[in-house]
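Listed next as structure tokens is one chain, alone, in the form predicted on its own.
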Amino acid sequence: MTVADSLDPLSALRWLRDVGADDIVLEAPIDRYQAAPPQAPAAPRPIASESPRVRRSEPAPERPAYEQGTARQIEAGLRPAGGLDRSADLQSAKALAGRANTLPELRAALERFEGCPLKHSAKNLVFADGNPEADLMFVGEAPGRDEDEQGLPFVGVSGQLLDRIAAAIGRDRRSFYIVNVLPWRPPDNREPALAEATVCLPFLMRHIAIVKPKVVMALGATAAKNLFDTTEGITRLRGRWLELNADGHVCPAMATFHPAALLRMPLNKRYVWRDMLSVQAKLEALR
């Protein structure tokens, strides 16, 4: 029996994501035993007798049933929720974030922003916590229930673990700063949707540019993929130094496992410890 077999379905999916199996192909399974098998392509018709300047347009061959189903589901997954064009929301986010030059201005811009539906289901805007003058910034995924209640990031069980991890290198919330990719809680603590993270990303990048940390540490796959614009899983990505350019502020950055993932997979704490030691050494080198 594998680890995933011993978990409930939702925990199993989260476990697969945390170990790097996070390349989702479809939103729903396809029974390929019931789908029609692909037909062999027809032999090409000779065209030697045709004029080189004129070619008859051949109708495109009909795709097999299983390919048609795949295309429809992928298209549905990419279609903006509710049929809305999210490009206008993204442009609004960029404009609002770009005009903010201080943290109070950025918070006010987020409070005015109406382009993320999560705002209307969450109780509070979860802006940031810690010391904005600190040289280390953590970027998490999204608020959970406790964070939504208090309006502060990482105050639940995973936040308590993060505090212990930071304390191991002599840090506390007076010596680091922490934000999330999403400032509003997704319902039922689900993983942020791509459209939600994308529309909130200008505010995160502006947040980093205003604070100007010396080092940024992405906590978990969602933060890493959005900060570094990559599709790599967190298992392959963690522990590597990358260069982050956030609205002109360039600094070294690294990804590691999210504290919530460590609660499910405690063995990965050894990797996070290595990553924290690397961050500590980098900060000492930058002084």
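Source: prediction; values computed, not measured. Numbers for residues come from their place in the sequence shown, where the first is 1.
Below, we turn to the form predicted together with a small molecule, even though it does not appear here.
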- Item | the small molecule: the contacting residue among 199, 97, 142, 137 in the predicted bound form [heavy atom, 4.5 Å] | 142
- Message: So in the predicted bound form, is the small molecule close enough to residue 213 to count as touching (4.5 Å, heavy atoms)?
- Response: no
- Query: Do residue 183 and the small molecule come within 4.5 Å of each other in the predicted bound form, heavy atoms counted?
  - Reply: no
- Task: Report whether the minimum heavy atom distance between residue 203 and the small molecule in the predicted bound form is within 4.5 Å.
- Result: no
- Note on the structure: Assert contact_stretch over 148-156, 164-172, 113-121, 87-95 against the small molecule in the predicted bound form, heavy atom within 4.5 Å, equals 148-156
